[in-house]
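Consider the single chain below, provided in structure tokens and representing the form predicted on its own.
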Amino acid sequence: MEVSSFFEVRDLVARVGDFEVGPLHFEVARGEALALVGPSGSGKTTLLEVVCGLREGQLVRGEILLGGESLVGMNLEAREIGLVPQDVVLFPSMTVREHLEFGLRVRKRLGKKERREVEGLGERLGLGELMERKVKGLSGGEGRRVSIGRALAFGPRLLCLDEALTGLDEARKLGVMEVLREFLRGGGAALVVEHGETGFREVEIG
């Protein structure tokens, strides 16, 4: 399959303690989701965190390019990457709406248009009736959908999903997959860590 590169990893090696990931080389096109496959402990999550800038100090060598621009040394917000971590971390004092608006507020891009888009995204994720609720007390599946919405709402160029559909029932999973397909159809790209059959092009890690 020929890929017109939008996101690219070149000769990447990352090290956490005595554990090393790589060297890795792969490309992702606009509108494509690439699945990272490998056994537990092979470094899939580490790779996502290096790409997002959460483990910048662990990058030993290599290049990370998004839209032709190097991400190495760039701060987290400037990378315009949405991350849905394996373990959902939410702020208990904030509402669902405030979580979805968080990335826009940080980037000072929260206007009337963006508020309407956040409202629509909440509806598509099945969170419409929960928007004014504090996240404390939400179910695991609800919290995961909030995490997905937070990663999407500010309009990232790349989405990193670390077992993001875990804990969702089949109906909710299908709804979230449709939202993710909308993101890809809009010109984004995604890196996906998910156990089992993904239906995406895959690259082996470890």
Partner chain sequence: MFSIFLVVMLVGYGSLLFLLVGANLTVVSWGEVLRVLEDESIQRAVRLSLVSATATAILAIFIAVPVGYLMSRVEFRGRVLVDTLLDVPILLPPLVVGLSLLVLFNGVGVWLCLVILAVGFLAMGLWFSGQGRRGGVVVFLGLCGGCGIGAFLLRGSGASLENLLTGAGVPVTFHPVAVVLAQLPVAASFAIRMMRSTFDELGTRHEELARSLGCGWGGAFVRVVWPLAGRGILAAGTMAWARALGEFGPVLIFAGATRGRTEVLPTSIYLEVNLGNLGGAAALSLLMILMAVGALVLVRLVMGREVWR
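Numbering follows the first chain given and starts at 1. Computed from a predicted structure; not experimentally measured.
One more form of this protein, predicted in complex with its partner chain, exists but is not displayed; see below.
Just to confirm, R144 within 4.5 Å of its partner chain in the model of the complex by heavy atoms?
Judged by the heavy-atom cut-off of 4.5 Å, R144 is well away from its partner chain in the model of the complex.
Within a 4.5 Å heavy atom cut-off, is L110 in contact with its partner chain in the model of the complex?
Result no; L110 lies far from its partner chain in the model of the complex.
Even though the partner isn't displayed, in the model of the complex is L71 close enough to its partner chain, meaning a heavy atom within 4.5 Å?
Answer no; every heavy atom of L71 is more than 4.5 Å from its partner chain in the model of the complex.
Contact of E49 with its partner chain in the model of the complex (heavy atom, 4.5 Å)
Although its partner chain is absent here, E49 would touch it in the model of the complex, with heavy atoms inside 4.5 Å.
Exactly one stretch in 147-155, 171-179, 62-70, 35-43 has heavy atoms within 4.5 Å of its partner chain in the model of the complex; which is it?
Heavy atoms within 4.5 Å of its partner chain in the model of the complex occur in 147-155.
Is it true that G126, V135 and L159 each have at least one non-hydrogen atom within 4.5 Å of its partner chain in the model of the complex?
No, none of G126, V135 and L159 comes within 4.5 Å of its partner chain in the model of the complex.
Taking its partner chain as it sits in the model of the complex, which residues of 87-117 have a non-hydrogen atom within 4.5 Å of it? Please list them.
Result: D87, V89, L90, F91, P92, S93, M94, F102, G103, R105, V106, R107.
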